[in-house]
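Below sits a lone chain in C-alpha cells, taken as the form predicted alone.
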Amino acid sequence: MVKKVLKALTGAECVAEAMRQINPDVVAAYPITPQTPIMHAFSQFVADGKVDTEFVTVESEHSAMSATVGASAAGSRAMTATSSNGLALMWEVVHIAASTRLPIVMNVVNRALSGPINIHCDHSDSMGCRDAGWIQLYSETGEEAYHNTIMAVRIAEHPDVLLPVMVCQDGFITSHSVETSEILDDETVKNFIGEHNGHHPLLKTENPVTVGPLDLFDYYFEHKRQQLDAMERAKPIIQSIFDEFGAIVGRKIEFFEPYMLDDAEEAVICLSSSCGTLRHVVDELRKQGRKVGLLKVRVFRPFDQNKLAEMIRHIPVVGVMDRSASFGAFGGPVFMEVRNAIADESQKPLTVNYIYGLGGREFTVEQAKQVFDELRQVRESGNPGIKVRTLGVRE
C-alpha cells in the first residue's frame, strides 16, 4: 500500500529526499549557490548511513560530471547536481554524457549565468544546454522537483531511451523556500525505480566495450542520428512513466499541463515557479469574467510540438514567457519552440513573447495581470504589435 507523509521542506531538501530514496551507487558533488543545499542534505544522509552511495567530493563541476560519466559508464546508477557557472564549466562533459548514452540524472537549480556575476534565478544555464542531448524536466514546486527526480531515473534508464535527464527548479524561489510537500514511503519509490543493471557496463570484462572512442566522419553522423531517434522514442515512454507515477501520487502528469485552457481567449505558456503566480492571476481574472488560461511546460526536451499545437490552436492569443534571452534570435527559447510548433497550422494563435525575470528580477502579480491585459488588447485589435517584449525592466 502506498503511504504518503506531509513534510515542510525546501525544494533542495525535496530533491535530497528523492536521492535518499533512490539510493544511487555514486554521487559526485561540488558546491555552488544555490544548488549547494541539495548536496549538503544528501551528504548528511551519507554520513548517517541512510544510503549506500559512494559520495565523491571533487575539485570542480567539470570533475563532478566527469566522475559521474565514469561511474555511469562502469554500470553504476549515478547522479550529480549543479547551477549556473558550474553547469557552464561542465559544458564539454555534459555533451559527452549524452553522446555516450549514459542514464545520468542531474538536478539543476536554475541561476543566471555571469556576467556580471549574479546568484539569482533565471533559466540561462539550462536553456544554454537545450541542444546538448539531455532530456529536460522543469519543476514548479519542490514537490514537483521531488517527483521529477524520481521519474527521471526511470526515464533515463529505459532501454529505448538511455539519455541523461536534467531536473530543473528555480534557484532560491523554489530551492530555498519551505513548502508542505507530500513524500512517498521508501518502499514505493524503490519499487517504482527498480534495480539498475547497467547497459553494456565498462567493467563487464567478459563482454568488453569501448567507451568514448575517436569518432570521425565515418560514424559520428550515425551516432548523432541515434541520439535524435532516442529523443523521439522518449516521448511516449516519458508519458507512460508519467501515467504510472501519476497513478501513485494521485494526479495527472503531462508534458504540457493546462489550466482553464478549454475556453480561453488569452493564455500564457510558462515553466517552473512563475506558473504559480500566473495560476493565481488566472483565478482572479476568471472571477471577473475574463476567459484566460495557463499552459505549464513540464518537459522542454524532448519538445512535443504536435501536442502543443493541438492544445493551443483554438486560442486567439498566446503569450509565451521566457526567463532567459537568446541573444540575436527572434525571441527566447520557449517562444521559438512554440512558434515553430504552430508554424504549419491552418488555425493558430497570435503569439507574443515576454522576456522576464532575468537575474532574479521579481515576477509580480501586477506584471502577470499586465501580460493578460496586453494579450486582450492584441486579441481585440488583431495586431500583435511588438512581438518580443521585456517585462519588468527599467526603461
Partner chain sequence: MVTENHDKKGWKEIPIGGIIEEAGNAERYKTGTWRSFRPVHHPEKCTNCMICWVNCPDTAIKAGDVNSPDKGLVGKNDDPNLANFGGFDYEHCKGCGICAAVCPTKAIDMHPETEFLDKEGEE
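Numbering follows the first chain given and starts at 1. This is a predicted model, so every value here is computed, not measured.
The next section is about a form of this same protein that is not shown, the form predicted together with the partner chain.
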> Pick from D263, D131, E232, D218: which residue has any heavy atom within 4.5 angstroms of the partner chain in the predicted complex?
Replying inline: D218
> Among N191, Q288, T210, T180, which has at least one heavy atom within 4.5 Å of the partner chain in the predicted complex?
Replying inline: T210
> If you check in the predicted complex, is H120 within 4.5 Å of the partner chain, heavy atoms only?
Replying inline: no
> Any of the heavy atoms of T141 lying within 4.5 Å of the partner chain in the predicted complex?
Replying inline: no
> Is there a heavy atom of H280 lying 4.5 Å or less from a heavy atom of the partner chain in the predicted complex?
Replying inline: no
> Taking heavy atoms and a 4.5 Å cut-off, does R298 contact the partner chain in the predicted complex?
Replying inline: no
>> Looking at 172 to 180, 103 to 111, 302 to 310, 210 to 218, which stretch has residues with any non-hydrogen atom within 4.5 Å of the partner chain in the predicted complex?
In response: 210 to 218
> Is the partner chain in the predicted complex near all of V352, E380 and K387, within 4.5 Å of a heavy atom of each?
Replying inline: no
> Can you name the residues of 190 to 206 that have a non-hydrogen atom within 4.5 angstroms of the partner chain in the predicted complex?
Replying inline: H199, H200
